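Given next, in structure tokens, is a single chain: the form predicted alone.
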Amino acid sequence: MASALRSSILRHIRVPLSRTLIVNGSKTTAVRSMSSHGDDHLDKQEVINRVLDVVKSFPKVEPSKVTPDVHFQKDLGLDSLDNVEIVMAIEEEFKLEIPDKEADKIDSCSLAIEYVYNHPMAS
């Protein structure tokens, strides 16, 4: 709970840094905004699209049934091994490692999207 709250707060913190530069003889002020996620943190829509693409590309899934709210077992008829394979494919897609304890909880697109979106190392 605390780490989710921390991630949520840090996602919105921006610390402006400014520096005066001399370019072609004239002074210019450069401003750079920093956050805990850097400039490359994924936006939510990108995470949604990529998670849905991973699930749609799974061999046992009918792509037309995949939505952000779809449950892997109840809606798509997948078994627990399929669930593990989808989570592994999501790890590969976003270049992150999901601990087994957390991976066991991811049984729908919505939970996968939230996990990846809140993970500071997802890329």
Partner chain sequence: MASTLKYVRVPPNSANLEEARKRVFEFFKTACRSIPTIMDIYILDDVAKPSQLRSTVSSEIRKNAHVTDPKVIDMLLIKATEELSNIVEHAKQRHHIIGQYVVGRQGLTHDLGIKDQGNSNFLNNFYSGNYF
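Residue numbers count along the first chain shown, from 1. Note that the structure is predicted; figures quoted are calculated from it, not measured.
The following text describes the form predicted together with the partner chain, which does not appear among the structures shown.
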In the predicted bound form, the residue from Ile98, Leu76, Leu42, Ile48 that sits within 4.5 Å of the partner chain by heavy atoms = Ile98
query = Can Lys65 be called a contact residue for the partner chain in the predicted bound form at 4.5 Å between heavy atoms?
reply = no
request  = Would you please decide whether Ala103 lies within 4.5 angstroms of the partner chain in the predicted bound form, comparing each non-hydrogen atom pair?
outcome  = yes
The partner chain contact at Ala89 in the predicted bound form, heavy atom, 4.5 Å = yes
inquiry  = Is it the case that Asp69, even though its partner is missing from this view, gets within 4.5 Å of the partner chain in the predicted bound form, heavy atoms only?
reply    = no
message = Suppose contact means any heavy atom within 4.5 Å; which members of 55 to 83 contact the partner chain in the predicted bound form?
response = Pro59, Lys60, Asp79, Ser80, Leu81, Asp82
